[in-house]
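Next up: a single chain in structure tokens, the form predicted on its own.
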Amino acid sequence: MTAALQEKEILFKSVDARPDRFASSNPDDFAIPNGREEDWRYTPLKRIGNLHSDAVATQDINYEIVVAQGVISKVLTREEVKTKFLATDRIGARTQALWAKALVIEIPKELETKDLTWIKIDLKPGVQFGHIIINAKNFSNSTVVLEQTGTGFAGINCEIIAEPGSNLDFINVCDLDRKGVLVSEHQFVIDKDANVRSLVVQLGGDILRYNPRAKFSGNHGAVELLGVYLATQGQYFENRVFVDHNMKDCKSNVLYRGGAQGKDSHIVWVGDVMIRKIATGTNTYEMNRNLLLDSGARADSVPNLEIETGQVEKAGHASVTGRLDDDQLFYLMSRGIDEPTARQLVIEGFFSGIFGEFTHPDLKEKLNQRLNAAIERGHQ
């Protein structure tokens, strides 16, 4: 299927007041949101530069790539790319219709590498749209990092395809300048016996909205969707996760930890897990934990779990939002640590468990450096 072809897929029929969920590559299938819709009721539409209505590209996306040995990368035009990407909202569909060049990363069959493949996108002032395809071939094992910085307004979609027996770590770092806006939809397709572990790190920008969607194309697949986000001083970060269990004996684990600090800082997390009738033997759990660092911050957390079969191994969800622990601060300060340093240590500890899942030393160091810089910005 070429990028010019349009498709529409009904993901599931709603049984309550919510509208049906569907995916499409045609922007006209989605009404222009006004903020009263369930999927848009939190998003500050006036601050996203008309990405949801009629914004057109004024800049080309520039992909900077450093690939691990053996990994193949290409920048291709729409006519050269085959894609099966379908979006679940209007900005995703507009991005799909308006990108000019796509970055395609291929991890060859049976390639195992501990080196990082690093993609960097620096958003220039103006509007831009991009598309990325990452294809992990059979029995490959690799790590891909996507780092997004800059000042512009952008819609960037990404397809992550894990073929049978492959193992892929995918880290998505969003650390834009204070005026930057980024809206992304990522589609994960996990085949038989494949394992995908994804981490999104959101630390900088004015508006970040991220929609990761995972589904399975074979039995016994596994996916972990992890997230760390820290909004400060009026920033708005939104994550909407959808895991579609549509095959037998598959596993998913969703764990997001967020923090908000400063006046009008706002974080939103919505998690949806769908277990279809055919998906017997499913093992799934989703958890969202949020830390409010002062009285000016706000967090909204909505976990959802829909089950169509009674033959599941495990299924659960949870959400916790709370304030900074005064007892922890008192303990550290009683040992001679000043209050700003004590607060930073508590915040670092809150997030460190997720970073610890990734063992590459250079990656962990860079993630910790960016997190510490974001924490310091929150004190300014």
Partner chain sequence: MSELVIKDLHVTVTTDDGVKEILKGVDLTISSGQTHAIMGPNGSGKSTLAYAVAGHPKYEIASGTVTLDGQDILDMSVDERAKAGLFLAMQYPVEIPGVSVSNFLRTSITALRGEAPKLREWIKEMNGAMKEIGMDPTFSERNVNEGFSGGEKKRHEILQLELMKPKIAILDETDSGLDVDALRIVSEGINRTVAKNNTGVLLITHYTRILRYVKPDKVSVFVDGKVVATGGQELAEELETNGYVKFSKATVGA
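Predicted, not measured: the structure shown is a model, and the values here were computed from it. Numbering follows the first chain given and starts at 1.
Quick note: we don't show the form predicted together with its partner chain, though the next part is all about it.
**Q** Are all three of Y42, L45 and D54 close to its partner chain in the predicted complex, meaning a heavy atom of each within 4.5 Å?
**A** No.
**Q** Hey, of 64-72, 32-40, 329-337, 310-318, which bit sits against its partner chain in the predicted complex at 4.5 Å between non-hydrogen atoms?
**A** Every other range fails; the passing one is 329-337.
**Q** Within 4.5 Å of its partner chain in the predicted complex, heavy atoms considered, which of Q59, S352, N26, N50?
**A** Here the answer is residue option S352.
**Q** Contact between L345 and its partner chain in the predicted complex at 4.5 Å, heavy atoms?
**A** Although its partner chain is absent here, L345 would touch it in the predicted complex, with heavy atoms inside 4.5 Å.
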